[in-house]
Ligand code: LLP
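So this first bit is one chain, no partners, the form predicted on its own, shown in C-alpha cells.
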Amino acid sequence: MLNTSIHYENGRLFCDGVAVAEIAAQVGTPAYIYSGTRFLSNLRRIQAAFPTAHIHYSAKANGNLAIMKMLVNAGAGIDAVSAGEIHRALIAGAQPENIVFAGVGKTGQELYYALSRGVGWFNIENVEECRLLNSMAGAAQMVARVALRLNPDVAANTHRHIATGHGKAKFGMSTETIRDLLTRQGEFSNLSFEGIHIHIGSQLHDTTATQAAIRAALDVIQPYPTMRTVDIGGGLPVAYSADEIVPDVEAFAASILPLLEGYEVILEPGRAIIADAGMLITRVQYIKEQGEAKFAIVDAGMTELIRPALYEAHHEIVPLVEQGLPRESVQVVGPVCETTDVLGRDVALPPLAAGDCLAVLTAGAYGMVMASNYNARPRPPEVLVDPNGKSWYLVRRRETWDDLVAPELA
C-alpha cells in the first residue's frame, strides 16, 4: 500500500523525496528500494506503544546490514533464528546481550557459537535442546539464560502457512512439557530459567488469540518467581491492501499490556517495521494476450519475491507513472519456468507496454531475504533512501553470473 513515504507526486511514484524512476534508471531492474524514514518511524511507533518493553527486530524479515545497523542505532535489539543471523547482528553493531536466539532446530555448532559470543537469551524449543545447551554451557563454565517456548495450542487468525501456535505445529512445547521442565530445574544447573516465550504466528488480524496465549503462559509460570520475563514474539500485522483491516500497534498494545503488568516484556517485530518501507521495482518485458487474459511478463518473479507463490500472498502493484488512464485487468507474471511464478492476478493497471516499470508494494519483509538463484538468476540490488529523504545509495549490489558459480569447485 501507498503511505507517507511511498507515494505519488504529480503522477510520479516517489520514495520520500526521490523519484523511484530515477533510481530504476541508474540501478536497473529488478531492484529493491527501502525508505529509511519509514522503517525508523515504524520502530519508533512500536517503541512508543510498548514503552517498557525490550524491542528486538526480527532479522529474518529483512537481514540487510545497513537496515539492521540503523535499527540497532535506534535502540532495537535483534531476534535471530540462526547463528548466521547472530553473525549479521554482531556485524551490525548489536550488543550480544541484546540478542535473542530463537529457532526450532538449533544445531550444536550454532549453540556453541551463541554461547561463545555471549548471546543474552536462548528461546528453548524442546527438552533435548535443553539438555544439549546445559551440557555445552557446563563445559564452557557458563550459565545460559533461557526462556521456554510454549505452544499454547491456540489457533491464530492468520494464513495457515504462518500460524505457529496450534497443537500440530512443530514449534514450542506443550504446557505439560514445560511444567515438567520447571519442576526439574535442578537437573539443569547451567541454565537459568527466567522466561517464557510465545509466538502464535504472523499477520495476526486480531488480539484474541494473543490474549489467550498470554494467559496460558502466565498460568504456567505463575508458581515460579524467577520466571519474570514474557517474550510475546512478533505477529504485529501489516495491511497489504486498502481494504484489509488490521489492529494498529497502539490497539494491539492496549489489549495485551494490562495482562503483563509486573513482568519484563520482550517483543520481536519484523514485518511491522520493514514491510511497508520497501518495494520491488520491475520492468515489463512483453505484453501477451492468450486464453482471454492479458499478461504483463516482467523481469522480477518468484526468485525475487516468493510470497505470492508460497503463501498466496497479495501485494499491490502500481505503475511508476500514473497518468489517470482507464484501467484493465492484467496478470503480472515473472520469467521463471514455474506456473506459480505470478506476482499479481487480475491487477487493475493502465495500458502497459514493454519498458514500463511497476512497483510491487509492501515488499520490505520476506522479500529479498527469501530471494533465490533458481533458474540461475542473479539476485537484485538493494537501495536505501536515506532518512534525510533526499539521497539514496546501494546497500547491496546486484549479483553477477560469476557470483553464482564462485562457491563451486569445478
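Position 1 is the first residue in the sequence shown; the rest follow in order. Predicted, not measured: the structure shown is a model, and the values here were computed from it.
Note that the form predicted in complex with this ligand isn't included here; everything after this is about it.
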**Prompt:** Non-hydrogen atoms within 4.5 angstroms of this ligand in the predicted complex: do 53, 106 and 195 all have one?
**Reply:** no
**Item:** Touches this ligand in the predicted complex: residue 203 (any heavy atom, 4.5 Å)
**Value:** yes
**Asked** Wondering, does residue 58 line up within 4.5 Å of this ligand in the predicted complex on heavy atoms?
**Response** yes
**Message:** Can you tell me whether residue 124 touches this ligand? I mean in the predicted complex, with a 4.5 angstroms heavy atom cut-off.
**Reply:** no
**Request:** Answer with yes or no whether residue 236 is in contact with this ligand in the predicted complex, where contact means some heavy atom within 4.5 Å.
**Result:** yes
**Contact residue in the predicted complex, from 152, 270, 120, 319 (heavy atom within 4.5 Å of this ligand)** = 270
**Message:** Going by heavy atom distances of 4.5 angstroms or less, which of 370, 352, 65, 342 would be at the interface with this ligand in the predicted complex?
**Reply:** 370
**Request:** Considering this ligand in the predicted complex, find the one stretch among 208 to 216, 174 to 182, 126 to 134, 261 to 269 with heavy atoms no farther than 4.5 Å from it.
**Result:** 261 to 269
**Request:** Scan 340 to 366 and note down the residues that get a heavy atom within 4.5 Å of this ligand in the predicted complex; none is a fine answer too.
**Result:** 366
